[in-house]
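First comes one chain, alone, set out as structure tokens in the form predicted on its own.
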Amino acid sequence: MKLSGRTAIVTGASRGIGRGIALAFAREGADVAINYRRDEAAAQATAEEIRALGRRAEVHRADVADPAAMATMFEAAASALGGFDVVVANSGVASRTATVVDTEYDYWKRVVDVDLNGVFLTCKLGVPHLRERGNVIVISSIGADLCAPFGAPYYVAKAGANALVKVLAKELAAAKKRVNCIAPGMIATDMGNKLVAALGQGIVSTIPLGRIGQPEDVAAAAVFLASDDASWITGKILRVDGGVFM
């Protein structure tokens, strides 16, 4: 029970990595506010699983790229839970495959709005509700390190999120509040499974540990960073990728 008596909010927690983190936090004793954008049924299902563990779950709809909706959500969730010990900026979208020249500006803007501006809004609006010695966790991607061709909006946004983590960690250090990042590799989520389908199973051979990651792999890292076990860790990017980026 590493998070006993604590509260958290997780964006994009209706499925995938966000859902895995929300459930892992609950298993470790935390009450959790669940953010979602579209799939209310999935968000409610995650909440029911959390309640079955004996923890409190709040469900809030908001597009992370919408400043007004996010402000409303944070006020409501913080009021319900009495503030947060952990704020997790997880929500994100993938890029279509295209060169920089062929990437439409409107599409570029949508990806950056969610994957970078959404992280900014989560941090900006969540930090004021952090309890004493609370912490922030941003979910990024090793794509920010690899910068492969044909995915510029996603990789640029994730690289920006990595930079934001370091800036915010320095800003909050004097208050003893921590900020860290998890950069997953290939994970078996809707996004990851689509990528495997597009690239073929041969992609697994590029992973030194020989398998695709699971949401639970990222969730375990999030529990560690959220807990007192990581009390002397801030401003770090923890790559959970099976050894792809070394």
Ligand SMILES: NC(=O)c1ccc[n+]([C@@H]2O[C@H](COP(=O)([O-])OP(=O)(O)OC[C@H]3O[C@@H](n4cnc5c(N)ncnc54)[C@H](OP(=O)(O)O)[C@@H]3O)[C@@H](O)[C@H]2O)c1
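Owing to the predicted nature of the structure, the values given are computational and were not obtained by experimental measurement. A residue's number is simply how far along the shown sequence it sits, counting from 1.
The same protein has a further form, the form predicted in complex with the named molecule, not shown here; the description that follows concerns it.
**Student:** So, M191 and the named molecule: in the predicted complex, are they within 4.5 Å at any heavy atom pair?
**Tutor:** Yes, M191 lies within 4.5 Å of the named molecule in the predicted complex.
**Student:** For D217, is any heavy atom within 4.5 Å of the named molecule in the predicted complex, or not?
**Tutor:** Flag for D217 set to no.
**Student:** Might A22 be said to contact the named molecule in the predicted complex, defining contact as any heavy atom within 4.5 Å?
**Tutor:** No, A22 is distant from the partner.
**Student:** Can you check whether P153 is within 4.5 Å of the named molecule in the predicted complex, heavy atom basis?
**Tutor:** No, no contact at 4.5 Å.
**Student:** Among the candidate residues A77, L121, V136, I139, which is the single one with a non-hydrogen atom no more than 4.5 Å from the named molecule in the predicted complex?
**Tutor:** If I apply the 4.5 Å criterion carefully, the residue I get is I139.
**Student:** Among 101-109, 161-169, 86-94, 126-134, which stretch has residues whose heavy atoms lie within 4.5 Å of the named molecule in the predicted complex?
**Tutor:** Result for this chain: 86-94.
**Student:** Quick one: which residues from 20-43 get a non-hydrogen atom within 4.5 Å of the named molecule in the predicted complex?
**Tutor:** Result: N35, Y36, R37, R38, D39.
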